[in-house]
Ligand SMILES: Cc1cc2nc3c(=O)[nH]c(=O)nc-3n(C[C@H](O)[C@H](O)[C@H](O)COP(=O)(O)OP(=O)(O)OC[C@H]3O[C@@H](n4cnc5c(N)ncnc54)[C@H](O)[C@@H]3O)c2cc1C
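Shown next as structure tokens: one chain only, the form predicted alone.
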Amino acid sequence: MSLPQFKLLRPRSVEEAVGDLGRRVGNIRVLAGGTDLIPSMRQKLFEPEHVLDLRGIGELRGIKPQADGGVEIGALTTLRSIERSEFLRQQYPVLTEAAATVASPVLRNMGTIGGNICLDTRCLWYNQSLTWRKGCGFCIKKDGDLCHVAPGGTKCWAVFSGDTPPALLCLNAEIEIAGQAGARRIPLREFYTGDGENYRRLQPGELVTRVILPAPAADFRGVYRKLRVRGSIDYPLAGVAVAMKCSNGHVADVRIGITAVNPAPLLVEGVSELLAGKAVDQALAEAAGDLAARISKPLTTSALTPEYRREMIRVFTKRAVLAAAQVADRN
């Protein structure tokens, strides 16, 4: 499938990029690594008049430890760089584990942390060729007015399938967003709407420029577990991130994030209350899995059944909690 015609813009600063976006609202798409945008353009999901290539903006790259013990990560930092960062592996291991599962090594060399945060939501009815989508009458998310996942509903149920956001949620991450009015910082948990169509709170003319991880989150050990059909390339069909802090063999604090089973990545509520002050065992890990499965709402957005994906959230959460407890207890 060929790309539609477009004009490529190559800004050299954030200010220039924001200006380009502001002048071309509605007719422009942002290119970071291109691993999601380019295939979508080939499928005619996007046919912008302009593509804004951010790769010439050096200030958006790099992993920069801060004096307070936290770290800032530029939005154009590749997933491969995050995966290989010794600093992040020591201080924020759940993030490096999640980054290491994204797609394949070749794609991680191109894909960026900002792109993974802003990843378009996915659905069996949406991520197809123009001919295929036309034959189905299109859908709410693109060119139509029907959600094939939930017929009769007014909400798009396309799922968010990024691997790093659940890990970042566990780390209480913030993101910086640049716009014509200046820069603002928000908690990542406030970035997603829970609607598959308008899935992020990013205004026209705005860019995600960096990720900020706070110093207290460096005390957490963590793991990431991912369900996919193939061992490489594939997006998650269910993903679980666990970040845990232990003291004398007992849980001091714990956070669990899930992805690919809702229109947004989510933190599982009630987990800290369930596990805090206790030594993790099979029963407690199973109870945590039940909490995660309870908020999972996988519908028919992929080839695997919703029931199977919800059960895998339960199973993967149990396994991840047990694994995280072992790691955290050793540190």
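None of these values were measured; they are calculated from a predicted model. All residue numbers are counted from 1 along the displayed sequence.
Another form, the form predicted together with the ligand, is not on view; read the next lines as being about it.
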{"item": "Which of 180 to 188, 83 to 91, 229 to 237, 244 to 252 sits within 4.5 Å of the ligand in the predicted bound form, heavy atom basis", "value": "229 to 237"}
{"item": "Residue among 208, 213, 258, 223 with a heavy atom within 4.5 Å of the ligand in the predicted bound form", "value": "208"}
{"item": "Residue among 280, 288, 54, 266 with a heavy atom within 4.5 Å of the ligand in the predicted bound form", "value": "54"}
{"item": "The ligand contact at residue 75 in the predicted bound form, heavy atom, 4.5 Å", "value": "yes"}
{"item": "Partner proximity in the predicted bound form: residue 33 to the ligand, non-hydrogen atom cutoff 4.5 Å", "value": "yes"}
{"item": "Contact of residue 107 with the ligand in the predicted bound form (heavy atom, 4.5 Å)", "value": "yes"}
{"item": "Residue 167: touches the ligand in the predicted bound form, heavy atom cutoff 4.5 angstroms", "value": "no"}
{"item": "Those residues of 147 to 186 which, in the predicted bound form, come within 4.5 Å of the ligand by heavy atom", "value": "161, 162, 163"}
